[in-house]
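In structure tokens, the next block holds one chain alone, the form predicted on its own.
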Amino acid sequence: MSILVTGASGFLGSHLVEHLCISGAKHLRCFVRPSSDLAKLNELRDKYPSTHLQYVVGNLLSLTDAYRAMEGIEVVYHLAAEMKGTAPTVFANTVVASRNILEAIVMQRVRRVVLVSSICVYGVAHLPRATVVTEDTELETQPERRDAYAFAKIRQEKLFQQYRRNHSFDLVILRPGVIYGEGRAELPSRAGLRLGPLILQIAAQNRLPLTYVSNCVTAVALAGLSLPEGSYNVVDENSPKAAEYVRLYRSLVEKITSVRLSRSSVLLLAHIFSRCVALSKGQIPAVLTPYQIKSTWGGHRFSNERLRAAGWNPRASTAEGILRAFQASNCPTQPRKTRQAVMVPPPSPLASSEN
């Protein structure tokens, strides 16, 4: 079986590639950008010679590059997305890039597609506190009221669903919570707002929807093999409260100052700030709105029952995952040597398909 992983050099992507190599994948193609750090992927290529691990170097904003990456592929894991930057950049590298991937999927008649989405796609601002969010909860209907990343992920997922209705391929959508692990142990926004050495904890008693990277990767790999079509939340069990998570972070990673703020007080400040934004006629950006606060810090919980019932078995408990991630953040690492990626040559018949 030939497999393509987009975003392969990223945090989740490199862990997925390692998992697939360990699982015995024979033909594994990684789509990477020219600027990608290939150290981890190079290590895996050396460590698992039985896996034919090749790179396609390009940009998914190029339809030609998307076609080139997709040639001969049976299963696609689409992880590539932009998490930071200006709104146009996030939109282009998440939504426009996904459209090109989907066009290539249709052209090459790919059999199975796994999209790694996010729990941020749900429309939860109007839901009562502590509501359990399942895969049947409605997606956000007002994405323009969310931040750039949420807006792009919502549009991305709806785009995949649209293509699936109009074409024939199996589609599995995974909606992970906050993905963390060794190499990514920073404080997530759901734990509070980070301002240098200070973190403003909003709704400190909310439970964080976390998923340890190895647990998430297990779900992603399973989606490419046997999960029935549909959408699945990927969140670990026994998640800590935001206050507990921050306390452990302060103890094991970094000494920071935390200030707790009630959700009601933050909402009041957001309403005042929103009024200032309106009076400025767009001169002041709407950084944090009441709608965004309700969506992010509403105290909602996310069910993983559907994924559990389909056979997902997390590798590590939440307590184990947090401890490993935080302890690893204090371990010095040696810089790894990189070598240039080997580019798969573009097949000429596809190059003329870009428009």
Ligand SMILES: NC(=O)c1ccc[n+]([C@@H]2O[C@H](COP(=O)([O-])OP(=O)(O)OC[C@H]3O[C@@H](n4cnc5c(N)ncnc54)[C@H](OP(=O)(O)O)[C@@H]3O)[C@@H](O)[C@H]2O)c1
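When you see a residue number, it is the position in the sequence shown, counting from 1. Keep in mind it's a predicted model, so treat the numbers as computed, not measured.
There is another form of the same protein, the form predicted together with the ligand; it is not shown, and what comes next is about it.
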Next on the checklist: Counting any non-hydrogen atom inside 4.5 Å, which residue from L267, I73, L79, V95 sits next to the ligand in the model of the complex?
Outcome noted: L79
Next on the checklist: Please tell me which of G224, G181, P176, G192 lies within 4.5 Å of the ligand in the model of the complex, judged by heavy atoms.
Outcome noted: P176
Checklist entry - When you measure heavy atoms, are L187, A242 and Q292 every one within 4.5 angstroms of the ligand in the model of the complex? => result no
Checklist entry - What stretch, of 315 to 323, 55 to 63, 22 to 30, 302 to 310, brings heavy atoms to within 4.5 Å of the ligand in the model of the complex? => result 55 to 63
Checklist entry - Can you check whether I202 is within 4.5 Å of the ligand in the model of the complex, heavy atom basis? => result no
Item to check | Non-hydrogen atom contact L12 with the ligand in the model of the complex at 4.5 angstroms | outcome: yes
Checklist entry - Can you check whether S36 is within 4.5 Å of the ligand in the model of the complex, heavy atom basis? => result yes
Item to check | Partner proximity in the model of the complex: N215 to the ligand, non-hydrogen atom cutoff 4.5 Å | outcome: no
Item to check | Residues of 128 to 153 having any heavy atom within 4.5 Å of the ligand in the model of the complex, listed in sequence order | outcome: Y149, K153
